[in-house]
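Read the single chain below, which is given as structure tokens and is the form predicted alone.
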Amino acid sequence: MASIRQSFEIPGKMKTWSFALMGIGIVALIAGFVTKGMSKDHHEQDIFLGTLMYNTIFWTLVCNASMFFLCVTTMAWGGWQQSFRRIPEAISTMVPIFGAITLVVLLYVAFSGSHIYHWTDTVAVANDPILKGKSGFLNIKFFTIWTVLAIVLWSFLGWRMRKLSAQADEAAMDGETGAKFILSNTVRAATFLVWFGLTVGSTVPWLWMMSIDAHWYSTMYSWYNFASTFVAGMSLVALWVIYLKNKGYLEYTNQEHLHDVGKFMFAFSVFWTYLWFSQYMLIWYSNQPEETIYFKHRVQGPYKGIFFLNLIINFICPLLILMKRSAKRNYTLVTFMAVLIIFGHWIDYYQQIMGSISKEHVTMGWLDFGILSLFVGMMIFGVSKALASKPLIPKYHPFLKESIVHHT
């Protein structure tokens, strides 16, 4: 282990880029607040809030997907990911930060009297049979409690997983100690996954996003959003793996590991498309007004281009490029596809939220890319600090040998 580079040192250029991106984002945020957030036009205010909403929700869920990946592979007693597990761990440290921002934005939208969540208007609910029927679920009290619980427990349960993982840096484990470590790790992973299923897999997308169109619903919506953020999360892991490999770190990680990460990127792009098609096809086929209202302006209106560009970026490109075995082992191709997939699903979140807030015209412009710049800069800065805070390889983890000899 003496020759293995255990500690990550943050390059000066990385710090510069992260600060530059955050600086651009802060300028855009201030300019957006002045020009739109403080506007007397309620629609402009909603556009500003909606832009914050889809960025905060997207990046929180993408970073949370890294902990989901660790917990799923832990439950499967997988060992192949141990050589680079500190990357998804580091990404998941952003959940409390991004989650706190998301919490502030969502509670402001819910309590400010914004027109984004129609179900917060008590007069409208009283005169609307559909909203009244959903009031047991769609109300500010339930929204607040569930949002706070979701973000707090994601952060806490993720922290518990990372805390236990740090024990693999301290001392070699004998058979009994190693068995206790694995059992404790498995129990903590299972606890996270149960809460993940109750939130990301069901209620959170309904509350945060689907309730913008409170008359519409889809039983596939939460799984659709899970697939979107998980494939983006695996793409983010791939980018950090390749970056560290290019800098001479992660000596135990090789093309075999990258190939498996690429499999996740490919497979969940197909899974996302299955859900995209199934949700759209079933609603189109039924041709019921309460069902098709969500898709009408997306397929026939101003969002038509974005709606189908979304399919090209998130399905056609991964299908054609990542299908070959050699492509999933090529650093350049995987880097290109990882960036494209993250961007594509960011676009997907844009059309899901902004397509409901501003149905008459597409609003994408400098504010959207400015806020994106802010979150990318924060992610680079936060993840790099987390990586530098502990050894890159859990050298005493009982399953590390499986990762070293991994072959796919």
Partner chain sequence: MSVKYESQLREPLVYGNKTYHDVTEDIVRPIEAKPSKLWYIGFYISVCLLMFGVYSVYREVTYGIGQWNLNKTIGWGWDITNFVWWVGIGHAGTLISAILLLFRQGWRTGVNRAAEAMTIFAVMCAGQFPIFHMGRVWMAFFVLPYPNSRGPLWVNFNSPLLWDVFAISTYFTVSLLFWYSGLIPDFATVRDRAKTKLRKHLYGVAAFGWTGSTKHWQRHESLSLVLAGLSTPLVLSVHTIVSFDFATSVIPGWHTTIFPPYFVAGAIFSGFAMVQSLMVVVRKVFGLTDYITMGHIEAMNKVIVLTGSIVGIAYLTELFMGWYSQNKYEGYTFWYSRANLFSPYGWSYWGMMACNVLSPQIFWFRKMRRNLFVTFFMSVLVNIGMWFERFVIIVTSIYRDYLPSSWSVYYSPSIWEIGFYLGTFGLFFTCFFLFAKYFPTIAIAEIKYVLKTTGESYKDNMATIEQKQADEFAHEYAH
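Residue numbers count along the first chain shown, from 1. The structure presented is a predicted model; accordingly, all values stated were derived computationally and were not measured.
Below, we turn to the form predicted together with the partner chain, even though it does not appear here.
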item	value
The single option of 133, 305, 248, 113 touching the partner chain in the model of the complex, heavy atom within 4.5 Å	133
Position in contact with the partner chain when the complex is considered in the model of the complex, options 146, 156, 331, 137, heavy atoms within 4.5 Å	137
4.5 Å heavy atom contact, residue 217 and the partner chain in the model of the complex	yes
Contact flag, residue 223 vs the partner chain in the model of the complex, heavy atom cut 4.5 Å	yes
The partner chain contact in the model of the complex: residue 127, any heavy atom under 4.5 Å	no
Partner contact for residue 264 in the model of the complex: the partner chain, 4.5 angstroms, heavy atom	yes
Answer range among 274-282, 101-109, 232-240, 162-170 for contact with the partner chain, defined in the model of the complex as heavy atoms within 4.5 Å	274-282
Neighbours of the partner chain in the model of the complex among 147-183 [non-hydrogen atom within 4.5 angstroms]	175, 178, 179, 182
